[in-house]
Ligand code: C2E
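The chain below stands alone, shown as structure tokens; this is the form predicted alone.
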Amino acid sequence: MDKNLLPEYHKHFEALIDNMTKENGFKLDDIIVPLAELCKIFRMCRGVTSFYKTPEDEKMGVGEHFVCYDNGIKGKVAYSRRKVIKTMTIIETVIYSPDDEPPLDEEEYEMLDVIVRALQSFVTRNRLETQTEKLTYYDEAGYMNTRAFMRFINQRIEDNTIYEYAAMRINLHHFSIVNREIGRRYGDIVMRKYFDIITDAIGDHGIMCRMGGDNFVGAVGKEQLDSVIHLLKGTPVIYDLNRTKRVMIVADAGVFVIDESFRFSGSDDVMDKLNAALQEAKSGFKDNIVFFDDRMIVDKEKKMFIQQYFPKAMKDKDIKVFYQPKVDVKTGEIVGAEALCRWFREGVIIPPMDFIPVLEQGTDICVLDFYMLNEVCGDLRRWLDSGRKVVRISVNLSRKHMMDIDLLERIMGIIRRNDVPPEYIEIELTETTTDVEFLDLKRVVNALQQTGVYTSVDDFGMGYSSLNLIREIPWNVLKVDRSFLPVDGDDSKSIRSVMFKYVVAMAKELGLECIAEGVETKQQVDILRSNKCEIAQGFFFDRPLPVADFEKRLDAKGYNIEDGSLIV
């Protein structure tokens, strides 16, 4: 090398090393410029570093290529170095010199070798950092994960810009049905495209990450929030190459708008609020987008109370069975009753809506159902032993039981232990929401039919494929949902009146006993009678009653059909 070029060499080499070892990262141009100058010093025409993830990728030529210098002159290989690291990643650097340029001398070769080794060490470290970033903050499908979300939140807390954002947790609504209808492969495409639509709306003002499955969590700039929420409420997604097939995607979401009154004790504070809001969004009682408010913290505390004290409440018999009579609308006679649970704590009733949804989030609801069945069977046995009039009692069973292959044995075990004839027990099952649940429901009802236990479909008309439900499953009783029952003021041509008429007629034609729930007025009783719906359940006759009060009703003659009063 010309001695006059040594100062230039040292200047550019030092600049290269300095730019590759900066603590705060590097800029690519800061690497390319000194490398290009060094190539000129060594009279090279082109320099290329290639990165291959595996030896197989190297054989196929599939990799990443970094050209640090190219003056457009074709040349021959003047230097090459191939490095294989422990992960079997391969880095290869090839430097070319013009055809008419003499080969490097020994000193030049050694100096160039030092540059290449430094460059390859830098590439190795950078790629490992990139790989570590990918493994830590991305999932196997290439989505950013929950750790990336937490990092984003912590960074915004650190630089005090967190108040510019709203956090949200998202669940794609009924996405399992999408997968079933169009196939898993297209389902993955739909999810990715929907994710891309959301992230495009967010732009550089936030982050969106996948928690797993069809669940996502993210932060959105407040100015972009309305646009994102609009997309969550329903967005068509095209999923084929011809752009002719599309599916509507809707998401449930819990949103927490972060304001300056909020104080962080950790990033989990945000997740707790998002979980509470999403749970309410998925409950089906409100809009599919729910904004967090402080009331949800109170609800969370109530939930924890329910979960903590529920086992003790059963042990101490604080959960009582109440009975709501079922009345023959022709005679006024009590022909049955529905068993409903009431939880007493220190003399005060905890409303069912405060604890039933909590228990339904896990398997505690199944424990409650078996508890209720056992209590009912105990009352029936006592009534039989005392010679009192006995009517069939219906007990609700949650959908959570449907996957229990031992359900029949559990039910019959309770009935047998109490020595109750099975015909005095009716199991009420609500309609299902999917065809998968439908198959389990069919299996359970068929099994119960063989034992002599009555079965009824509760809230008929509100679930999945209602007509198929009564066509394929051998029910004894059909309970018409109160939403079908005409109200005072409806004429015979109102939608409710027409639907009620034909639902009852269909049930009777199929040989099913028909019960209308939610009967509250004399006009509704008359509607039942005119449509030959023989049994009413509702406040017109009685509210759910404690055992002692219900026993008095059993001992009475029945109810007055005209005003609902008890005839003693």
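Quantities reported herein were computed from a predicted structural model and do not represent experimental measurements. Numbers for residues come from their place in the sequence shown, where the first is 1.
In what follows, reference is made to the form predicted in complex with the ligand, a form of this protein that is not presented.
Q: Please pick, from Asn396, Asn374, Thr199, Gln449, the one residue with any non-hydrogen atom lying within 4.5 angstroms of the ligand in the model of the complex.
A: That would be Asn396.
Q: With the ligand left out of view, choose which of Glu517, Glu534, Asp57, Glu37 has a non-hydrogen atom within 4.5 angstroms of it in the model of the complex.
A: Looking at Glu517, Glu534, Asp57, Glu37 one by one, just Glu517 meets the 4.5 Å heavy-atom criterion.
Q: Quick check: do Arg342, Pro352 and Arg482 each get a heavy atom within 4.5 Å of the ligand in the model of the complex?
A: Every residue of the candidate spot has a heavy atom within 4.5 Å of the ligand in the model of the complex.
Q: Within 4.5 Å of the ligand in the model of the complex, counting heavy atoms only, one of 158-166, 333-341, 236-244, 204-212 shows up; tell me which.
A: Result of the contact check: 333-341.
Q: Is the gap between Leu368 and the ligand in the model of the complex 4.5 Å or less for some heavy atom pair?
A: Contact with the ligand, yes.
Q: Answer for Glu426 alone: is it within 4.5 Å of the ligand in the model of the complex, judged on heavy atom distances?
A: Residue-level check for Glu426: no, no contact with the ligand.
Q: Indicate whether the ligand has at least one heavy atom within 4.5 Å of a heavy atom of Thr93 in the model of the complex.
A: No, Thr93 stays farther than 4.5 Å from the ligand in the model of the complex.
Q: Residue-level contact is defined here as any heavy atom of the residue lying within 4.5 Å of the ligand in the model of the complex; does Phe539 satisfy this criterion?
A: Phe539: contacts the ligand in the model of the complex.
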